[in-house]
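The chain below stands alone and is given in structure tokens; this is the form predicted on its own.
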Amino acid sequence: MSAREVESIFAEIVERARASDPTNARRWFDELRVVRFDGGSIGIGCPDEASVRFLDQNCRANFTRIAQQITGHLVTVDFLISTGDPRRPIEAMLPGPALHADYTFDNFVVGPSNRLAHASCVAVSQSLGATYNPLFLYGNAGLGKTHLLHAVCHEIRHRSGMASIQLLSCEEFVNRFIRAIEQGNISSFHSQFRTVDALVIDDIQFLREREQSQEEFFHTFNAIYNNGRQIILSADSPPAEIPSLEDRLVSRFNWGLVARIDPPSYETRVAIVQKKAHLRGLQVTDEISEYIAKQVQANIRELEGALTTIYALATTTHEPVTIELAQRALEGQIRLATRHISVMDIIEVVAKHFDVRLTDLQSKRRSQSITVPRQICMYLARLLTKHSLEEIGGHLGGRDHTTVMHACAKIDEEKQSDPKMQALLAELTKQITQTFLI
């Protein structure tokens, strides 16, 4: 097969990959190239380590399926770091956490709602352990906390490839600690976490009500801090408002800088839409960016979801991205946003479906026949209303915001792993949105 034929096949693979998976399509796909094509294997050269990991985690199955369809063979796809010479790919990657390719400082849109958090993260990445230690970021879901944590790690790695970084969720920290106890390997756990240059933990609020894990994290915190190393944490609320968190941990979390991230302003939302579009190689006019920013106000994830919806419609219909196409693409989301759905509306539909009473959902009962419908109520209320976690919990027996947050996370996890749960949630959402109009 000639080099021209290989390039033609590869170009078609990339084009189809963009169209079939718009959520994960990126502008830098233009920089991908073939570094090996021997019939049974396709080696795809990538610009850097982050892009290799992004493709490995999000796109491997899609690229492989498309490559097999186009070539007619059971080929495998490998993503490699290219040196610039397609004959000399580098497959080794730096040790440490898998960082999201998009989550860099360059791709973060700064506005009044996040300026302090951004500036503090930049400062910390340039001077570990010497500026703000610990650095504690907090705010609602989808506002950019995880983006900033990854951006700090990207910058640390760029400045010093030898720096030791641990970036993980609080749940993962707890699970690793539990496994270390079960395996009798606590000393290895200590050496893994207490000797790093930077410990970065997302959603630290999940330490609540875990006494032994809090004890372990207390000593881990002290060891890192006393060694002059950096600690960066994120949560959905400030330290003092995390329920069941020990006072000594609250005190330590407040030692450095506590920075809040608020929902983005209209102008910031417009800039975010334009930045996200640029990352996907999607050309959108100012009119379309402003339209999306006006319709979607909750958080950055919903802005990105709206843009993905528009991108998917444009690529599947082969139409240019116009304001009319954007309106068609977001029509369902806009109708949903204009409906006045209350928590009680949701409870009514869920209770009827599961044949349970309202008083049962609001009671302290914890049997599965009641717990699952109650958690689904919380999840759908979070999705379909603008009520706070506390307000949702108030409608379901006065439960606190951490209980609601846990329920939402559990149902979301089941939705991802269980097609039956996904179908059930879709059906309940359809019933709710079709029943309760303006």
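Treat the numbers as computed from the prediction; the structure is a model and nothing was measured. For every residue, the number given is its place in the sequence shown, counted from 1.
Omitted here: the form predicted together with adenosine-5'-diphosphate (ADP). The next part is about that form.
Residue-level contacts in the predicted bound form: of 238, 142, 256, 97, one residue has a heavy atom within 4.5 Å of adenosine-5'-diphosphate (ADP), and it is 142.
Of the residues given (177, 218, 108, 225), 108 alone sits with a heavy atom within 4.5 Å of adenosine-5'-diphosphate (ADP) in the predicted bound form. Contact check for residue 158: no non-hydrogen atom falls within 4.5 Å of adenosine-5'-diphosphate (ADP) in the predicted bound form. A residue is said to contact a partner when one of its heavy atoms sits within 4.5 Å of a partner heavy atom; residue 230 fails this definition for adenosine-5'-diphosphate (ADP) in the predicted bound form, lying far away. Interface residue remark: residue 197 is not counted as part of the site for adenosine-5'-diphosphate (ADP) in the predicted bound form, having no heavy atom within 4.5 Å. Contact annotation for residue 300: at least one heavy atom lies within 4.5 Å of adenosine-5'-diphosphate (ADP) in the predicted bound form.
Checking 125-133, 288-296, 271-279, 169-177 against adenosine-5'-diphosphate (ADP) in the predicted bound form, the stretch whose residues place heavy atoms within 4.5 Å of it is 271-279.
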